[in-house]
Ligand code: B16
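This document opens with one chain alone, in structure tokens, the form predicted alone.
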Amino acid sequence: MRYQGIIFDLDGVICSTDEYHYRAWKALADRLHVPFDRARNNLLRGVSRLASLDIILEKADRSYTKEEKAALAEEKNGLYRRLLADMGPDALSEDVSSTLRALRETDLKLAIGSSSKNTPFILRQIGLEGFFDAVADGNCITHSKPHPEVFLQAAAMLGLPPEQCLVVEDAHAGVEAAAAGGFDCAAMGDAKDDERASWHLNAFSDLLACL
């Protein structure tokens, strides 16, 4: 096989939590009387929670302290987790589920590389707790994408160098992070046509042809 390991982003690749994120950010923005819509929400894709908050607060009519921002970020996360409570294994599409099963039957090592601190909770909700050989997430990194730290951490946890791993991403910030870390990247969704990617997926199952 061309690769020894695959590192998956979580949100937008394995499952979609975009609507939950949007609804939580929208509720917070409305409370703060800050303009926020789905178009602006697209700027938050692949971005950390605090960086996302900074983007939202660019439209605010006042400035916020570091402490206030930390409290607002926690408020948003509480809203988000309450929404995620309704998420279950049916959040996995058949395309994703069958492809993951096929990959699990190979010798490939599989990992998650996500900036989200909610990664363990989401994996548990969708029935994939313990499925991956390694999970690198926002709980064990200091730099969010487009910094490559989370992918480098995942590769190290798999015991593989970047050139032996393929990153699967749906956000331009994630593709940039993969390129910065020396990884090949299979891009899908919003990032499908990103020129920095080595592979361009129309469907998750197209990943099988990259191997």
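Numbering starts at 1 and follows the sequence shown. Just so we're clear, the structure is a prediction, and the values are computed from it rather than from any experiment.
As for the form predicted together with the named molecule, it is not shown, yet the points below apply to it.
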Check: Which of these residues, L160, L44, L57, L32, gets a heavy atom within 4.5 Å of the named molecule in the predicted complex?
Finding: L44
Note to self: Can you pick out, from R124, R82, K117, R104, the residue that has a heavy atom within 4.5 Å of the named molecule in the predicted complex?
What the structure shows: K117
Margin query: Among the candidate stretches 57 to 65, 178 to 186, 152 to 160, 44 to 52, which one is within 4.5 Å of the named molecule in the predicted complex when only heavy atoms are counted?
Written below: 44 to 52
Check: Is D11 close enough to touch the named molecule in the predicted complex, meaning at least one heavy atom pair within 4.5 Å?
Finding: yes
Note to self: With a cut-off of 4.5 Å between heavy atoms, is K76 one of the residues that contacts the named molecule in the predicted complex?
What the structure shows: yes
Check: Relative to the named molecule in the predicted complex, which residues of 130 to 153 have a heavy atom no more than 4.5 Å away?
Finding: K145
